[in-house]
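One chain comes next, on its own, written as structure tokens: the form predicted on its own.
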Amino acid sequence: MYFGLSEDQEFFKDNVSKFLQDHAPLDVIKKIIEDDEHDLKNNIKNGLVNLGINSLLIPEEYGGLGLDLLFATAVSQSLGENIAPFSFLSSYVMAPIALINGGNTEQKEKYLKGILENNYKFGVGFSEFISARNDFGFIFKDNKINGKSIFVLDADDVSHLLLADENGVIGVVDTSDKNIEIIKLTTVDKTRSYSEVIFKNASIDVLENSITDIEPLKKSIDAGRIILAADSLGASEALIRKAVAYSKERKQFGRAIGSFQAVKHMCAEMASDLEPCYSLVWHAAHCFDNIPDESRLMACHAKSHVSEVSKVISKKATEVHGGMGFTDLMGIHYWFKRIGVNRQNLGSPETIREEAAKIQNL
């Protein structure tokens, strides 16, 4: 059975793609990354927010569109396809879902409306819950936080940080607090930011419902994994398209390399490997809101499987480009690196498969 997107979901997806193609082509992406052009990055952010991206998952009672995760998944696919330097995952997916499920009435009113009105922007740090590391970790006590968090996503240029400790309790920290220090980390993916954050008795607003229920955190992580899978899905689609186009243009021995059987096979393998991933990701997003009994397992399957498939596609697409594929001139390394970092974000395929096994009591 084919599981596809509705007309409305395709509309959102196409609108985001069209905006990015017009305002964030590869030359602009390169300029943002190489010259740290904040104005260009802000123009992209403001344009996407004007399309309503920040209101997708916020319930109607708070002024949002109240749409389901499948809409956000369609948008994420376009963002990955165009390697947009935009923090969609943290501010507009994981934060709203954590707040909706974990916050009390006052907290939801404050933070969700702040996101909707574009006054609040969130970075997310859930690494301590997913996979603890030596010398990192923090403690929530008496509405204060102390310790260190690593690989906090999109922590630069945000108003708040959404953090989860090893017990699954979620808290919100205002980045204007003088008792926190944000240290930007260098990773291969320059289209998004990752940071280490140090807390020294900083104030934290703990989400009330997350104290006694771990479900708000798990739902936020499930949604994040599906969105990352969709991002890698879009990036893989772009790489296949670029590889096929290059194989038609590049000539060797007087013929286009796309006419050689080995290159044909590589392109066909990439397309056939990716095709089932569309339905897998879309079905996982559908389950999130409509089939709760299957939701967590499908999120694990989507993230782990697409991570492996997209890794192979990024490698083969680079090989089709030959030596040129490894140069900055072609620019395909941006998609290659994005896929690589997506693979590890919110749990590696190995970590997530172990979770899936436990869900099934294996």
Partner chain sequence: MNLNYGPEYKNFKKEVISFCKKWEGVHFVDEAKSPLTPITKVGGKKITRTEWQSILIKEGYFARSIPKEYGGYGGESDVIKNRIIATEFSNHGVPSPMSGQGIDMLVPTLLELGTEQQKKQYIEKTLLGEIIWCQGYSEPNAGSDLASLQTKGELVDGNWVINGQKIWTSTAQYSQMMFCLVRTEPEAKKHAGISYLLIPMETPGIEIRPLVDMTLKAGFNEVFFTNVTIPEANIVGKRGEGWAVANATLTHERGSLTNPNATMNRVNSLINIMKKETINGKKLIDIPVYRDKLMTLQAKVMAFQSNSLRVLSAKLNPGQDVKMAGMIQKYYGTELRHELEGFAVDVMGEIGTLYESSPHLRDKGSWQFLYMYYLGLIIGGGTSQIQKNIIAERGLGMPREPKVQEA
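Quantities reported herein were computed from a predicted structural model and do not represent experimental measurements. Positions refer to the first chain, counted from 1.
The same protein has a further form, the form predicted in complex with the partner chain, not shown here; the description that follows concerns it.
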* Name the stretch: of 167 to 175, 72 to 80, 283 to 291, 211 to 219, exactly one has residues whose heavy atoms fall within 4.5 Å of the partner chain in the predicted bound form. => 283 to 291
* Does Lys13 reach the partner chain in the predicted bound form if we count a contact as any heavy atom within 4.5 Å? -> no
* Contact label in the predicted bound form: Lys31 to the partner chain, heavy atom within 4.5 Å -> no
* Using the partner position in the predicted bound form, report whether Glu319 sits within 4.5 Å of the partner chain, counting heavy atoms only. => yes
* Asked: Taking heavy atoms and a 4.5 Å cut-off, does Ser193 contact the partner chain in the predicted bound form?
  -> no
* Asked: Though the partner chain is not shown, can you say which of Leu26, Leu40, Met324, Leu65 has a heavy atom within 4.5 Å of it in the predicted bound form?
  -> Met324
* Structure fact -> The one residue among Asn146, Asn118, Ser259, Ser203 placing a heavy atom within 4.5 Å of the partner chain in the predicted bound form is Ser259
* Taking Met298, His305 and Val341 as a possible spot, do all three reach the partner chain in the predicted bound form with a heavy atom inside 4.5 Å? -> yes
* Structure fact -> Within 33 to 54, the residues having any heavy atom within 4.5 Å of the partner chain in the predicted bound form are none
